[in-house]
Structures are given as C-alpha cells and as structure tokens.
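Encoded as structure tokens, the following chain is the form predicted alone, with no partner shown.
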C-alpha cells in the first residue's frame, strides 16, 4: 500500500517516517526539486502543481493522498479528484480552509472566533475600527502564508497605506484585536468513524511569524485547557475532518478562548509529539486515513518543550551543528538537512523532555547557546 503526500518539507518527512512503521510506501510531490523529503522516498516527483500527467504518476496506486501544508494549490487537488483519487482533505474542504474569511464565517456559526468583517476600501476599515476599536488587523482572504498578507492598522491614517500594501492579495477582511494573554494550539485527530484523540493543549511562542517555541503542557488553568480542547474538537467535527487537524487559539481573560485558525494537517506546534507523546501526530494522522485504531496521546514525561533551530545567516549549513547540539544531554535533535542555510529559515528543531516546562525550556535554551547556525 502507498500513501501520497503533496508537499515535500520536514512535515512530509515525518509522515513518511511514520508510514514506514506500518510498512507503507510513500510518494511525495513537490515542485521544488530540492524539497528535503524527496530524498527519503523512492517515489519522489518534482513538477508543477498543474502538471496533470506528473500528478497521475504520483498518485498511481496510492490508497490516499494527503497534504503537508494547506497552501497546496487547489488545481492539484482538482486534477487528482478528476481521476478519482481519494483525498484528505478534499477539494471543497481545502477551498474553505484556504479562504480565511470563509473559514471564519463557518467557525463563527458555533464557536468563539473574535469579531471580523469583510472590507474593500478605507472607509470599510474605519467602520471596522469604529466597531472593534483600534488596532485592527487587515488580512488577505487567501495567500500570503509567510505573514506578509497581514497589516496592523493602529490609527485612521494607516487605513489607506495598509490597503495599498495588500493590493496584490485580492479580497480582504478586518479582525478585531482580541488582547490575547497567550497563543495556544491543540491537535485533534479524528477517524472516519468519529473517534477522536485530542493532544495536550500547548502554548506557542512565535517569533518572526514562525512557531518558534512550544511549551507542553501550556501553563494555563484547567478551565482554559478544557475550553481550548472542546473548541478544537468542535472545529474538527464542524469541518467533518478526518486525520490530524491543528487549531490555533488565543487565551483571553477569565479563562475564555477564541479560535484563530484551523489547519488540516500535522503542524509545527505538534513536533513535540515525536518524543513527548506515546503516539505522534504523524502516526495518528496515518492511522486515521487508513481506518486503523487511533493511538494513545498521553504524554511520556510531565513536560516537553520544542524549540526551532533557526538559520542566523545565509550560506552553507554548519557541518558541526549536530555535534554542538548533542553536547547538551537530554535533547532530541532534529536536523532537516537543508542544502543551504537562510536567515530566518527553520533548519531543524530540538525536543526536550523534563519534569517541568520551565526546566525543559532552560535546557533547550542552553543547547541553543552552544549551536551556531
């Protein structure tokens, strides 16, 4: 049996590694011939997203085709669907998930998502600010997954310049500033029969629009954790999702949480599960696709911290990075093997298991101090 993965980054690599546990072949498709996961499969395909012939060869004999990132162009899924390929997520589902405003509207029917409204011109932005208060976040409905399709509007004079910055992104919408205490993430895996497993609620500490540090479990009250978990489960049910779905949330005062976004795939905020949980998000994602019983998601240690290894300069990767990182006992080093280091690029990550998140984070930061990327 073979599983197909659209996208060839490090998350695809971990899905392939999980597939190997079950003796499955994996086909990986990515337009970038240097995509790291392509080197780990005998069935690697590098062609454009609209190459129907290449996609057909890629999907041949695949029991399922899944995605590594939600930015996969819909044209690829449509070409596969026309050939009757089994897809998770499907075309219509991914279409909604790629449209941030459509997703907000869908989630808003049952969940707390924060206030939002569609905008087109500067007066619309000012109307939103009058309703929500400054600042407001101006966002593109689609695209700009690198964080460039988001502009903070702090005063009336910023409205028109913000619109001009996003002019190439098409339709826009505005979001209220929710005043979050912290950002949370919950991965839920759902089987086709409705069985679900919710991973621990984690705190995400972003840096430069990147999921940089993940603290598991999040240092929040039990009431907040319960609400975050329930919201994540409800979001997956509402979307009729099968597989791993990651919900990002904001914690507010009084143990309230609001849903920020939902991604239909394993996520960087769940990388801690590779060593920190009995069954990783990647293995459970495949179990759900294959109709296998879902695995236990209990933590192995009381706390796990995952910290990104980020490139500090452009150039050849440091050949000694593994030796330097492994000088710190107790860390699990994941080096992605990018052929070139770029400033701000995620080059790998480290997972640290400990008795407390504070202690594990200190070990991780000490490890980072010894690594020069």
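Because the structure is predicted, anything quoted here is derived from the model rather than measured. Residue numbers count along the first chain shown, from 1.
Omitted here: the form predicted together with a further copy of the same chain. The next part is about that form.
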- Only one of 340, 313, 39, 69 comes within 4.5 Å of a further copy of the same chain in the predicted bound form by heavy atoms, so just point that one out. 39
- Query: Pick from 47, 63, 56, 326: which residue has any heavy atom within 4.5 angstroms of a further copy of the same chain in the predicted bound form?
  - Reply: 326
- Message: At 4.5 Å between heavy atoms, is residue 293 in contact with a further copy of the same chain in the predicted bound form?
- Response: yes
- Task: Using the partner position in the predicted bound form, report whether residue 167 sits within 4.5 Å of a further copy of the same chain, counting heavy atoms only.
- Result: no
- Mark residue 300 yes when one of its heavy atoms lies within 4.5 Å of a heavy atom of a further copy of the same chain in the predicted bound form, and no otherwise. yes
- Would residue 278 sit within 4.5 Å of a further copy of the same chain in the predicted bound form, counting heavy atoms only? yes
- Task: Given that the partner is absent here, state which listed stretch (285-293, 129-137, 200-208, 74-82) has heavy atoms within 4.5 Å of a further copy of the same chain in the predicted bound form.
- Result: 285-293
